[in-house]
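Okay, here we've got a single chain as structure tokens, the form predicted on its own, with questions on binding and movement later.
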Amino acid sequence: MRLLDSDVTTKEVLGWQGLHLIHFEGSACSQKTRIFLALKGIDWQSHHLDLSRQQNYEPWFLGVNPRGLVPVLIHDGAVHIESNDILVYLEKKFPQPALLPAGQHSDILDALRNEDDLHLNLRALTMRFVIPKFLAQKKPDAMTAYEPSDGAVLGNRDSRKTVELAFWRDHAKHGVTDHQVRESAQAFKQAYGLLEQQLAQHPYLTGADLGVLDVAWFIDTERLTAAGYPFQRLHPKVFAWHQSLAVRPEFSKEVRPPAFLRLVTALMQTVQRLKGTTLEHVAEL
């Protein structure tokens, strides 16, 4: 999705030439985009935004993307948001090597939309089983800055912001509930059941060659693996596919969490195992 120039109130970025990416190291959608850029061999300029310090709610960035989400791609002054849309744009502008097979364009766009529809489910499971609440919870002053900002997307007030506010308000009140865990895990179980069927016929999700769907679903699978989703037991072909991609440098260098987060996650999951509140137990997988 390309924003209108009038949507962008941080006007300086409209003058940026070349390819720029505003991103965060640990953001799943940022990781997806960086992997895609690496596979394409595209040169880009990095602008790291620290989500752990909630810099995405500062006026400068909300003036770039009113949704307050990363990544944001800026190409010769044109501002693009939403990671899957960014991948499709990059494929169009940099068609070689091809990662969106000819003749499958419509089907792959539908599949990317289906994957994106699970974004809040992925976030819920991440915030329950990978990142503890004390690290993920938004600061009141950040929400105070975000809520009244009146930035437009494509010239209109953006309904996505309402969804974002609702998620983080609920998270502040009660974290991620068992109901959310079960609902999210079952949604992924159904989706991965379909991917399992595809991988029974081809080595990759779009056929014989690596494609954009593999990049998108790799990131989901990596995050859910970290959360404790039992891929090897429930979806063995997905498990083998993920393992084969995880050793490739374009993938592996983008997804390794920092040592501090690995330690905190390991401690949290140890407590969950002792209490019987792991993802497998809560979701009844």
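Residues carry their position along the shown sequence, with the first being 1. Quick caveat: nothing in here was measured; it's all calculated off a predicted structure.
Heads up, the form predicted together with a small molecule isn't pictured, but that's what we're talking about next.
Remark: of stretches 22-30, 35-43, 246-254, 224-232, the one touching the small molecule in the predicted complex is 22-30 (heavy atom within 4.5 Å). Note on contacts: among E196, E91, D116, D158, the single residue with a heavy atom within 4.5 Å of the small molecule in the predicted complex is D116.
Heavy atoms of R123 reach within 4.5 Å of the small molecule in the predicted complex, making it an interface residue. Among heavy atoms of E82, some come within 4.5 Å of the small molecule in the predicted complex. Taking the partner from elsewhere, W168 is found to have a heavy atom lying within 4.5 Å of the small molecule in the predicted complex. Proximity of V64 to the small molecule in the predicted complex: non-hydrogen atoms within 4.5 Å are absent; the residue sits far from the partner.
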